[in-house]
Structure formats: structure tokens, C-alpha cells
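Have a look below at one chain only, the form predicted alone, in C-alpha cells format.
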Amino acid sequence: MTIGIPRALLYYKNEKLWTKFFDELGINYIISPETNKEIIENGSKYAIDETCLPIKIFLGHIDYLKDKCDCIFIPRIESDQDRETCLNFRAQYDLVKNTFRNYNLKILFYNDSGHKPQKESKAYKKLCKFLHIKKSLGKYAYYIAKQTQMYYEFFRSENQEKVLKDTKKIKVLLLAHAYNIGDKYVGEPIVNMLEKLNVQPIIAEYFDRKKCIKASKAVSKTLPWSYNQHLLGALELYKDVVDGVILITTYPCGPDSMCDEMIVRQYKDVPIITLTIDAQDATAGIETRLESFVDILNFKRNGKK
């Protein structure tokens, strides 16, 4: 059996967990390539009007994998740490099953109802049962995979803290979901542009999730989406040690449209710009806005001296 893993959505949060789990079980898998224009165009053909860009990208990766593997790995994430997620994460399985109903597509599915260990481990237990894997082997594979993911997140967060402390460059906090900032088409060009401008990008997504979600309560106790709570908490924690903030959102994201507006209103003393990415591949407008923003940050920093 060869399992296909779409390089989209929660892949950018759970890459180490998923790949290590299958590695420990000795199961072959392939990962779809980095997002490109062709993948987006193919995904857009399956999407209905007003579908957000990440879902179009996701469908494009499914389209790439549909003839290249025995089944495709599609998780359904009902909640994150018992907090709400965008409904698209709950609907992934149903979306793929119905969209590709004419392709005889086989789906390897598990339902994760929360990131508490007992709930997540139960989901992987059911997954192993579907794969006809021995209970003891599956339990061990999940333990190793979970530890790998945790260590990866810990060292990434520690490295981010170190860069934030040590760099003398202009520091810009990027508030973007993992599936946006990690995507080669969506987030990577922005990071590259900033680096060319001698700016140090600080990725909010990479900071400790629990710490950030806790900090977000100081700003809003009612914000329902955990992934947005993560970004909001990072801003609350590090707003005084960065020079500016960039809100990166993909069109048309409902949770971001609400959260970004709240951030702009709440943090009036922090230099903030919003970049909305759609399916267009032109970057000249984004580059111009970034150059202007960095000029403002340089002026502000030099004015303090």
C-alpha cells in the first residue's frame, strides 16, 4: 500500500507526526509537491464560488495524488485543544469524498476530536485498526511520532526566541496560519522579499501554542478559533520586541477577516499592514507594499535614536 499525503492545510502543522507515524509502521507514502500555479488552477476547477484559497490548494493536491497512490490520507479535525477550528477542517473528508466521487478515490480517514492526548491517540488507534496494524505496534508508532512532533515544535520555538533576541535587523512579526506561511506559493515569497530587504521575519505560528493561546485571553476571551488565538497570543506576547506586524490572509477567509479587523483596532500603536493573497501569481503589488512598510519601520527606528 502507498498512501498519498496532500501538502496542504494541516500538513504544515502535523508533518512530523504523520510522516514519522507511517515511517515507524513501515508504510510507504508519497507527499504531493510544493504548491504551484498548475495545482491551484486544477484545484479551482473543483471548487465552488467563494471557496478560500487554502481549500483550492488542498483540492489541487488531492487532484495530483488521485492517480498516484492506493489511498489518500484525509484527517478530520473537529477541535484543537477542545477549541473551535474553521469548519473546513471538519469537512475535509466529506469535501474530498463528494468532490471526487467519480474517481473511485479511496480515503484513509481518521477523526480527531481534540488535541488532548487521549482523544488523539484514540483516533490513531482506530486508524491502525483500519490498516490492520497490531495494537501494540500502532501504539508504539504513535508514541514515537508524537514525541518527534513535540521535539520539533519545541526546538523551532526555542530557535525563534533566540533569533528574536539576538538579531539587530528590523524585526517583523508575520501573523499567518501554518498552511499559509509554510506554502511555497502563498507564504514563501513574502518571507523571501523581507529577507532581501534585510528584515528578519518572525513567524508567529512557530511560538509555543499553549503559551500563545493563554496570552490571547488578555485581548479577547470570546475569540472562538484556536488557530487565530495562537496568532493573536503571539502578537500580545511579542508586540513590544518587534518593529512591525504583517497580517497575511488568504481570500476569502472568514475567521481571519474578523480577527484581523480586531487586531488593527486593538493595536493602534503597532505598525501593521494586511496582505491578502488570492490565486493571482503577480507579486509586484505585494513587493511594493513591503518596501514601503519597511521604509516606514526604518524611519521609525532611526527616529528613536
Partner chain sequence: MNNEIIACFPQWGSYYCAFRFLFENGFGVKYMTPPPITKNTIELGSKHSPDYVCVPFKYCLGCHIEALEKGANCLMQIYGGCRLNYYGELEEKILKDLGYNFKFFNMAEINFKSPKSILQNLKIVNPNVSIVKIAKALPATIGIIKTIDRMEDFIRQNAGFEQNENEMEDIFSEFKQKLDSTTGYKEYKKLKKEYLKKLANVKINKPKNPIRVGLVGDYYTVQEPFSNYNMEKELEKMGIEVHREMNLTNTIIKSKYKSSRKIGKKYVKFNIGATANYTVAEALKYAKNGLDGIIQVKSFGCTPELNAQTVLQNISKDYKIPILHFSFDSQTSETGIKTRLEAFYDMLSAKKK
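Quantities reported herein were computed from a predicted structural model and do not represent experimental measurements. Residue numbers count along the first chain shown, from 1.
Same protein, other form: the form predicted together with its partner chain, not shown, and the subject of what follows.
J.: Within 4.5 Å, heavy atoms only, one stretch in 265-273, 238-246, 62-70, 22-30 touches its partner chain in the predicted complex. Which?
T.: Looking at the other structure, the answer is 265-273.
J.: What is the one choice in L164, L105, I170, V219 with a heavy atom within 4.5 Å of its partner chain in the predicted complex?
T.: After the contact test, the surviving option is V219.
J.: I need to confirm a contact call. Of L223, I203, V191, I133, which residue comes within 4.5 Å of its partner chain in the predicted complex, counting heavy atoms only?
T.: In short, L223.
J.: State yes only if every one of T51, L87 and D94 has a non-hydrogen atom within 4.5 Å of its partner chain in the predicted complex; otherwise state no.
T.: Heavy-atom distance to its partner chain in the predicted complex: all three under 4.5 Å.
J.: With the cut-off set at 4.5 Å between non-hydrogen atoms, does N98 touch its partner chain in the predicted complex?
T.: Yes, N98 is a contact residue.
J.: Does its partner chain get within 4.5 angstroms of any non-hydrogen atom of I39 in the predicted complex?
T.: I39 lies outside the contact set for its partner chain.
J.: Any of the heavy atoms of F109 lying within 4.5 Å of its partner chain in the predicted complex?
T.: Flag for F109 set to yes.
J.: Can any non-hydrogen atom of Q280 be found within 4.5 angstroms of its partner chain in the predicted complex?
T.: Flag for Q280 set to no.
J.: Across 230-253, which residues bring a heavy atom to within 4.5 Å of its partner chain in the predicted complex?
T.: Heavy-atom contacts within 4.5 Å come from T249, T250, Y251, P252, C253.
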